[in-house]
Structures are given as structure tokens and as C-alpha cells.
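Presented as C-alpha cells, the chain that follows is alone, the form predicted alone.
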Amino acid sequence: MAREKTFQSSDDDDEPAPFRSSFDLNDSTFDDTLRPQRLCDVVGQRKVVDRLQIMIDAARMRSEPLGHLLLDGPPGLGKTTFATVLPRELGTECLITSGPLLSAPKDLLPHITNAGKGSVLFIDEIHRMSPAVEEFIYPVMEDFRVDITLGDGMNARTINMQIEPFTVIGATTRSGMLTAPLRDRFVNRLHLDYYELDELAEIIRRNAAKMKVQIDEDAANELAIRARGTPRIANNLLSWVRDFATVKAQGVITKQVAEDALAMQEVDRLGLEGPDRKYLETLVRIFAGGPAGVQAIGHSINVPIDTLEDEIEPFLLRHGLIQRTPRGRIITAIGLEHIGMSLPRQSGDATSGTLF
């Protein structure tokens, strides 16, 4: 069942500085959730924030709804955060649903008819909407018109119903899967990229304050290094380290406490977890460093192919630990150094002369 939320903004909210390191836990405006509540609370993604601020200010000055917005980027970078922050900035309501829940036009119709003037309809994973819903939403986004067909065959008739102008915000991790007609109906398109270490460290410090746990500078930096450039992973690591510190270190997170907690979680200095290292080790032990097909690797470590391609390989590729070639995956010198292994010496090894 689709989720529905309504946000109301308050003119009395004190807007914090864009980059502050601590929160007043006794402040009445303090929010216990980790997700930023206002645009000024967002750390990182400065280009995206600046563009959104222009869009918001322009919509306010013209007293018009915000133009339809498409947010794309890897998981965990804040697409949902931006989608829920914007209604608060505009002082309007937000209706939330997800692409997999919209299998037929009737699933989308309640959200459209309940949308008030200037409100926001957020569709997460919009690339997973069915083609029928996609066709249905075209006149909604362009003309704010709903076309409803009643009856069948010769007795069928179409009713056109005008609705209040509102904003559709779509979020996707695979913008390439969107059809061109749907993608072009979004007036604004913004791409979210991975975060820098200092931005992740600031997010960790802020969220540690919200969790009411003490963390020192070195510990925050250590978590940031292992967070893969992703705030969601940083928050997950912080949650685990907080539990570890509560039991083992009187609730205080130092660098040593963080290292011990992450060692128990098997998260190494680069942010690789057990399955990531198993992938690299299998590529060396079984396939002599490659090239090896992704299906062969998946069968060897008993991991589904889509899991390898969506969760494991992107990080390994981004950090140069593996290469993707027409012949298959190949481990690089950086990957070998990280796992402390070397390629087996074989006569006539064609790959050793090209990579190392």
C-alpha cells in the first residue's frame, strides 16, 4: 500500500548555518531523525542544493508550482532526502509512493486526485513503473489532465478531468531505464554524485549528536573513509559503532573503538566488506586474476549476478580494484595489493604482460 505523508513548514524554524558541527540537544526545534529537514541542513551536493534553491525561489516569486524534477544517482546519496525537503521549503504537502506499487493507472489515480495546488507527488524508483501507468501520467504531467475511459468496445467513452497543478518528483538509480518520453517531461533533472570525505565526516558528527553519542574527530574521519562516499552507509556504520561503544566503551566513540567495531563487522580500511574481498580473492585463486565472466564469478561465490553488478562491482570498479573488459573481469595491481595476494606464476600468461 502506498505511503502518504503531509509536511507543513513553519516560519518560526531557526535555519542553521550551512556547515555547523554541533547541535543544541535542548533546542525545541531539534529533530531526532537523521534525515535533514530543511535545505540548509543538507551537507554536500552543493551544486544540486544551489540549483534547487534557485528553483524554489523562482517558484515562490511567481507563485507557481515547482517544475517537475527528476533525481538520479547511486543508492544512498540523498534522493529521498531532497524529495522530502522540497515540500517543507515550499510549505506544501507531499504524497509519497513507489514505482513498483504502480502497476495500473488505478493505483496512481488516488494520489493525483488528492494532490492539491502546488503539492508534491514523490515517486521513488520511477523507472519501475509499468508502461500503462507511464502512458497514463503523460497528460497529467503536461496538461494536469486525467483521462478516464469508461466502458468497453462501442460503448466506451473518455472523461477528461482537470486537476490542480502540482509537482512530480521522480527518483531513480537507473535513469537509462526511463523511456525518452517520460524523461523529457521532467523540466529539471539533477544528478547526485558521491560525497567527499570531509562532507561525510561532517554528516557523521551531526548524526552522532542527534543519536546523543560522543564521537571524536579522528573516529568521525575513520568512519568517513570507510563509508564508500555514501551517507547511508556512513549512517549504518555509525549506528553499529554506537552499539559497540555502548557495550564496550561507555558510549564514547574514539578512533580505536571505531576500528575495533568495524573490524568485528569485517569492514576494512577502504570500506570493503566480506563479499567484496571474497570476490577479489576468488578472481585470483580460481581465475588467476582474470579475465573471468561475471556469471562464472557469481557461481563460484554463490552470489546472484545482479547482486554482483549492482552492489559489489561498482565500488571495485570506481576504486580501480578490477577492470571490466570485453573478455571478462580482471583484477588490477591495486586490487592485488589491497588483498595482499599475487597472481600465480604460469607459463604463457597473457594477462601478466598487459596489466603489470
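Each residue number is its position in the shown sequence, starting from 1. This one's a predicted model, so the numbers in the text were calculated from it and none came from an experiment. Take the two forms, superpose them, and find the largest set of C-alpha atoms that agree within 1.5 Å; that set is the rigid core.
Here the subject shifts to the form predicted in complex with adenosine-5'-diphosphate (ADP), a form of this protein not shown in this document.
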Next on the checklist: Is Leu77 part of the interface with adenosine-5'-diphosphate (ADP) in the predicted complex - any heavy atom within 4.5 Å?
Outcome noted: yes
Checklist entry - With the partner left out of view, is Asn221 within 4.5 angstroms of adenosine-5'-diphosphate (ADP) in the predicted complex by any non-hydrogen atom? => result no
Item to check | Arg242 within 4.5 Å of adenosine-5'-diphosphate (ADP) in the predicted complex, heavy atoms | outcome: no
Checklist entry - Would Asn235 show up as a contact with adenosine-5'-diphosphate (ADP) in the predicted complex if we use heavy atoms at 4.5 Å? => result yes
Next on the checklist: Check for me: heavy atom within 4.5 Å of adenosine-5'-diphosphate (ADP) in the predicted complex, for each of Pro65, Ile169 and Phe186, yes or no.
Outcome noted: no
Item to check | Residue stretch of 275-283, 246-254, 77-85, 158-166 approaching adenosine-5'-diphosphate (ADP) in the predicted complex, non-hydrogen atom distance within 4.5 Å | outcome: 77-85
Checklist outcome for this item: Only hit among Leu308, Val42, Ala292, Met55 for heavy atom within 4.5 Å of adenosine-5'-diphosphate (ADP) in the predicted complex is Val42
Checklist entry - Considering adenosine-5'-diphosphate (ADP) in the predicted complex, which of Val303, Leu34, Val48, Ala59 comes within 4.5 Å of it through any heavy atom? => result Leu34
Checklist entry - Within 184-202, which residues have a heavy atom closer than or equal to 4.5 Å from adenosine-5'-diphosphate (ADP) in the predicted complex? => result Tyr195
Checklist entry - Against the rigid core, is the Cα displacement of Asp310 between the shown form and the other one at least 2 Å? => result yes
